[in-house]
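Okay, so here's just one chain, in structure tokens, the form predicted on its own.
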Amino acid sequence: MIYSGVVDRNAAPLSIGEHEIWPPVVLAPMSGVTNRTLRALYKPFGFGLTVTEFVSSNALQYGAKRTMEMIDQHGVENPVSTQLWGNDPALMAHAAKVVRECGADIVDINFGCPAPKVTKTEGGSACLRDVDRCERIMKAVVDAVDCPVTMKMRLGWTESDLAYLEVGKRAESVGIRALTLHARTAKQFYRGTADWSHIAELKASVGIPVIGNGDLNEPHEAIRRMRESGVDGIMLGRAVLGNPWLVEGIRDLLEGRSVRPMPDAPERLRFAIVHYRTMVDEWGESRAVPQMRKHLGYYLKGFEGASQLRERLMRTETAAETLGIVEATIDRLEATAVVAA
């Protein structure tokens, strides 16, 4: 749902350079997920800022079509931040210039991704093992572009090698305009729980905006985390997939409203159909069908019989077949609700 204005704000806007972002809620960069379609569909629920898929600075040298599609945007989801990963300051600076020329409002540096495909080349969270290199990369990117540069990181590579405070302080010293901290180490991946005490410590240690990330699965919990840590904004990732209504609830609280009930199953599946059809229209059926399998799985969470339905949808080969199953499911759920009433 889109709101025409805001009243009784329970937080301040997130300021990143010249950008005043409201609500102070950011969609996390996720590989193979946060393409232009999802960003445009999810932003109206309450994201003040969206971030592209993270893209390799090395790959941007070559300008391949698939790489450039990762940083493409509609122009309706502004401001947009484009996230880059890499281990070479010069290549990162060049990539920053490229994405800025392609319309990035903010350039974000990835020191957070724990995926082996990224860390095996010393990118993402592996950079945190070399604080000096982190500083060189950040300075090179800041010097290369005329827009705000931000950075996202993890606590460190391991529990015994926490680097976030030192990297955060160096980030501020070279001109980084905001920091996002996912409160797990690289080696944790997504196991265990995010330790928000570290996020609070980072906020107390730097004078630039800090965005907290990790385990924000419920609107009231998200607001509590914001207040207790003192952060300037929050970032949502996996928890919002298939559930953009989570963001809507957080926006409700930030704007002084009660959280509205979660939509019923048929309504959620109708939005899934909108997402599916938009993907087909924008990317073509051959690419949309396999990509949307995982998204339909997200939308089906919590449904009775969802596991069996998910297995059927994983095997469909055409949009018509897939949508036929989803539409039949909506009809069945509504008929069941009528009988129960």
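If you're wondering where the values come from, they're calculated on a predicted model, not measured in any experiment. Residue numbers here begin at 1 and follow the sequence given.
Absent from the display: the form predicted in complex with a small molecule. The rest refers to it.
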_Option touching the small molecule, based on a heavy atom within 4.5 Å in the predicted complex, out of L309, V289, V33, A40_ = V33
*Work out which of R129, R136, R238, K187 lies within 4.5 Å of the small molecule in the predicted complex, going by heavy atoms.*
R238
*Can you check whether P219 is within 4.5 Å of the small molecule in the predicted complex, heavy atom basis?*
no
*Non-hydrogen atom contact E248 with the small molecule in the predicted complex at 4.5 angstroms*: no
*Mark D252 yes when one of its heavy atoms lies within 4.5 Å of a heavy atom of the small molecule in the predicted complex, and no otherwise.*
no
_Partner contact for G214 in the predicted complex: the small molecule, 4.5 angstroms, heavy atom_ = yes
*For the chain seen here without its partner, which of 59-67, 41-49, 23-31, 280-288 has a heavy atom within 4.5 Å of the small molecule in the predicted complex?*
23-31
*Would you confirm whether the three residues E53, Q83 and H182 all fall within 4.5 Å of the small molecule in the predicted complex, going by non-hydrogen atoms?*
yes
